[in-house]
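Given next, in structure tokens, is a single chain: the form predicted alone.
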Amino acid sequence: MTHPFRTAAVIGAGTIGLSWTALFAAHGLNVHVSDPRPDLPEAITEALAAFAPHLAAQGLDTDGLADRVHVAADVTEAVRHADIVQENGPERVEFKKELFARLVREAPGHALLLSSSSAIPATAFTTELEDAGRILIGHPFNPPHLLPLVEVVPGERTTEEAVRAAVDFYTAVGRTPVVERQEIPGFVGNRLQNALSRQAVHLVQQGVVTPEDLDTVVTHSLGVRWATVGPFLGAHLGGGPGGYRHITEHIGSTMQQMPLGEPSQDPEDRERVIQAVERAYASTPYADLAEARDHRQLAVLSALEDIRRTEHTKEI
């Protein structure tokens, strides 16, 4: 597992897989992509063209990007010389069981086998494999060529060497890996996102707020705060000089007693929320919305990086 990272295989070229492909290639890796979609070459070309400005804005050299990306005839060809494999297939346990059994057989023995799984822990699809020590979750946030976080989640049989290698690899491609030491469906990021999403749907269903106004509440308060500090540090600062202890002792019990509703699962109630979101956003093409999102996210990340550089210079 000490083999240098020169060649990557990306298995599954949907939204996440194409984003990984561009990121890996921008960091100088040769990337072999496998997906049964008939338009794979065109999809890769379009993705690289669309993502190149984002990568350049991160200071990466995008010259010759396409030259480092290769369409593989199948999974076997894609992983034949891989140092790392990033799987981005469907969220189905049986699919991942079959695929990772194949990856273990076909990929070189030193290759790190990573899954972008959004909710399924590695142990769920590796229990029957003999060589499960090099398999673990590397869950990104969409799109991974922009958002830095990667949740590194080892399975029950993943080796410490593989965990260290995954952290080294994701760090090398400019991501921020966080190792989670206990498997739990959805991991950490998606569980937090799911909790907020459920409360958001409930509030819209109850007529408290519209989808667009709820988005405004988040982007003009919590979103700004959480881009700079997390929930615990935010609460610690909210407690003033007394910190987290003060805020917990003074308003913690009140906040805990606040009843949080659950969204209705009635089909008609769900449909009303879907239609409300569509009224708010569906008139604008998806590509335009995504580009606006990515432009804003890049601006936030760039500003934060400038601040970090300034703080580092002051420390020196």
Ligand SMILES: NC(=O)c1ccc[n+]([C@@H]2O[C@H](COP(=O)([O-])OP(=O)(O)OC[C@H]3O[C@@H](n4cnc5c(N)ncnc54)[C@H](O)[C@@H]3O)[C@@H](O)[C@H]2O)c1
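Predicted model, so just to flag it, every value in this text is computed and none were measured. One rule holds for the numbers: they count along the sequence shown, beginning at 1.
In what follows, reference is made to the form predicted in complex with the ligand, a form of this protein that is not presented.
In terms of contact with the ligand in the predicted bound form, the residue from G64, P41, G261, P36 that brings a heavy atom within 4.5 Å is P36. Here is the short version: of E91, E94, E161, D213, the single residue with a heavy atom within 4.5 Å of the ligand in the predicted bound form is E91. Heavy atoms within 4.5 Å of the ligand in the predicted bound form are found in one stretch of 198 to 206, 176 to 184, 116 to 124, 213 to 221, which is 116 to 124. Taking the partner from elsewhere, N142 is found to have a heavy atom lying within 4.5 Å of the ligand in the predicted bound form. Looking at Q297, you'd find every heavy atom of it more than 4.5 angstroms from the ligand in the predicted bound form.
In the predicted bound form, A25 stays away from the ligand, with no heavy atom inside 4.5 Å. Contact check for I11: a non-hydrogen atom falls within 4.5 Å of the ligand in the predicted bound form.
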